[in-house]
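Here you get one chain, nothing else, as structure tokens; it is the form predicted on its own.
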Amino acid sequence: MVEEMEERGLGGEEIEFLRTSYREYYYRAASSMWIPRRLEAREVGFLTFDGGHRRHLHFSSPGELIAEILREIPWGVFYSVSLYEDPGNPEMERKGWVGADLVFDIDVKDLHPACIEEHDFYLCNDGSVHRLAERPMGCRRVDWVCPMCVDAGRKEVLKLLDVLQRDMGIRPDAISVYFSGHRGFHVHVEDENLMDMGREARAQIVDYLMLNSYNPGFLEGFLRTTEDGLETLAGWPWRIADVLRQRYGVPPTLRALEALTRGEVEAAISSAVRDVAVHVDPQVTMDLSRIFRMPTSLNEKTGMMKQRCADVMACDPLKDAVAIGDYPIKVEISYAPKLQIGGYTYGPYKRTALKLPAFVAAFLVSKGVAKVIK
């Protein structure tokens, strides 16, 4: 992490600004911070402003945890998805695993929306900026976020919720959705009946969601039916048939598809599978020793908060997740694409110095594209 901080050009002035901003937020939000249920059985970890990681922390009460956050002012706050008999033990195999929440991470980068090619870039030490396609050697990639990124993530969350609830029977009130504070979404499932699932069972869930083991011939078999028969489909066959129905405008029986695709039925099904499969980070769901970003904590990549989206369609993360104040901070910006945050649009900027609201400055400084000017 120290190397990453150096790469981002975070010097003393930048770290002091970020830490002061984080301190102001955590003191203001102390009474409303989200606390994981059964905190006493979880490991807590901090990413610190000196680039270090503190893991295997253990707190018996919410008050203890909040007090330590206010004392340390971490750059990132994480908690274990697993419950342990001895969560503070530094040896994982001696913690005594009890169970774990089921969590999913949707990273917009994995969804490849077109906007990424437009706003992500490489920044080189000489200050030159390059598009992603150029892939310059020795330069740092800078990930950006925009409303299109959020919409791509939102669409994937809705697909995941549909499978969790309709196919797996998970109660809606056991599922919580959060904007990660960067450009992804986290989905938490807190259901006592699922807590004892091991890594293999979680891997099977990932495989089911991502349709990694799908067989075109198997799915084709479901379409060997009449129009009335299509109405009885459920699960993945129903979702794939629905995509094909929307794409071709007719009930997607095998006979109809063979005519419409000129015999390329398997290609049509594969294309539909790519549309309906849910893209999650497999390692996040399967890794039982993982510590996960804590809701209402600030994300070190942007300075924004991991924010609950109670209504996935209505939430506006690029506005709602702004947590740092709006007092003016003067910064020198090397390069920044247009940024929509806090309900306003900023930039684009190139080699300029100006005063910006602190939450905008924190975003740019965290991305390593701006320096604080005293």
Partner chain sequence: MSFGAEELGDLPFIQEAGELLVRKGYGLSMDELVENWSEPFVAAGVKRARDAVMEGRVDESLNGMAPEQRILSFVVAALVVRTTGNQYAIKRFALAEAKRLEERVFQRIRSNRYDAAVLLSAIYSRILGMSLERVDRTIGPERFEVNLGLRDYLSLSSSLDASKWGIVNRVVDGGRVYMKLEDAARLLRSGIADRIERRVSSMEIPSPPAPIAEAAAKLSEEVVKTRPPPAAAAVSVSREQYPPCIRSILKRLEAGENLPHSARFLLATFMVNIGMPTDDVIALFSRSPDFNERVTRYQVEHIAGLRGGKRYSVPACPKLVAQGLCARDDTCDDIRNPISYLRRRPTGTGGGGNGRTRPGRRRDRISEDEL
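Residue numbers count along the first chain shown, from 1. Worth saying up front: this structure is predicted, and the values here are computed from it rather than measured.
The same protein also exists as the form predicted in complex with its partner chain; that form is not shown, yet it is the one meant from here on.
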| Does the trio Met168, Met197 and Phe222 actually contact its partner chain in the model of the complex, every residue with a heavy atom within 4.5 Å? | yes
| task | Among 260 to 268, 144 to 152, 223 to 231, 73 to 81, mark the stretch whose residues have heavy atoms within 4.5 Å of its partner chain in the model of the complex. | result | 223 to 231
| remark: Exactly one of Asp110, Glu190, Asp207, Asp242 comes within 4.5 Å of its partner chain in the model of the complex through a heavy atom, and that residue is Asp207
| The unique member of Pro172, Gly127, Gly235, Gly249 whose heavy atoms fall within 4.5 Å of its partner chain in the model of the complex | Gly235
| query | Given that the partner is absent here, does Met286 sit within 4.5 Å of its partner chain in the model of the complex, heavy atoms only? | reply | yes
| query | According to a 4.5 angstroms non-hydrogen atom cut-off, is Ala201 in contact with its partner chain in the model of the complex? | reply | yes
| 4.5 Å heavy atom contact, Leu211 and its partner chain in the model of the complex | yes
| Would Gly88 count as touching its partner chain in the model of the complex under a 4.5 Å heavy atom rule? | no
